[in-house]
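One chain comes next, on its own, written out as structure tokens in the form predicted on its own.
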């Protein structure tokens, strides 16, 4: 059993500014519970309190009657296993096999049992072909399966998953949910997972919604979908100014917009010829016979997890050097990273918070402006960029970027790119972890770039987002 008794938490802020206030909650053994709420309402904090990674500022969190940090599972391991939003942040070894073994070694499982559990986990989560691969070189979906396998092998009684399926395509999400149900829930373990996807809420036995530091809904999934306030759950229908173009996405071909006048005919911004893009480590390579982007064009990149969308974006930007063939940016050949046209390209990475290092949001957003800015004061540029992505500058400028929600971090990272005078913007899953309101602000900010003639390459599993913005797509 997991119990919260009057729990408050706020990263040391005054109690009136707490993320969570006087939370009272009991989750029984074997429950299948979804936690939802807008960005910044404490979903991740609630998950980390359950796992003992945070300590409450007030009140008590108990797991099986004990402090979560010392509660033991049935096999002597931890009572709680947790998967973070970004799997890379939890990997510590050099191969998939070693990663699964690592947790078992730490809880004292040795010899033949350790090897048996690791192999069983690899088989259960379809990781056998990758046992010798570096975890960081896997696709997003493969990484999340590895994280689940590593937790499963330790046999925790309670499993906490913080938006665990965000990096997966729709088919991958269905497979992962089935894996979680089969390997955790059906074995009688408690499963608590944070999500913004209404489709995932439908699968839960119980839904909890957070807002304003409190639980505003706690009940069944059917009632939840009609009771949760607007602006939280992600919108599944196409949104934006262009709407659905109908067909094209997912059929393995490119498509151009039906609307007249949307196909750009300006100067070429990026051109790949007979290119192979690959990493020094790993055996994955992407072959692109020809790809050209002209000024003002918006290319949507689609395809299943592991198909090479991120690899193609990195190759298009020059951040990964093409192994064969040629890349030209703004008419100039890019043969190595020293040829990268700094200031003219912006890149929003899939996990942008990994690059944060400034102590405040204001400094983080202003970093690029100091080098490539338009002459305005840095604070003015940072305020403008934050407002463009829908973050109140008065509320966020002085905060630490590391203490934001995952969705807020993503918007800060986008703002840090918007301060650049970039002519070519690359976006890798920009809508991850965003609630419905934040997603709408993202679309509005990108539409502003499009209207100013900026060229965009956008990779995403979010079909409605692609349909609302792209002038053509390519499926990998």
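All values derive from a computational prediction rather than experimental measurement. Numbering follows the first chain given and starts at 1.
Below: the form predicted together with a small molecule, not depicted.
Although the partner is absent from this view, residue 163 contacts the small molecule in the predicted complex, with a non-hydrogen atom inside 4.5 angstroms.
Taking non-hydrogen atoms only, residue 86 never approaches the small molecule to within 4.5 angstroms in the predicted complex. Shown alone here, residue 403 lies within 4.5 Å of the small molecule in the predicted complex, counting heavy atoms only. For the chain shown alone, residue 430 is not a contact residue for the small molecule in the predicted complex, no non-hydrogen atom being within 4.5 angstroms.
Between 58 to 66, 405 to 413, 22 to 30, 437 to 445, the stretch whose residues reach within 4.5 angstroms of the small molecule in the predicted complex through a non-hydrogen atom is 405 to 413. Checked against the small molecule in the predicted complex, the candidates 450, 50, 38, 422 yield a single residue with a heavy atom inside 4.5 Å, and that residue is 38.
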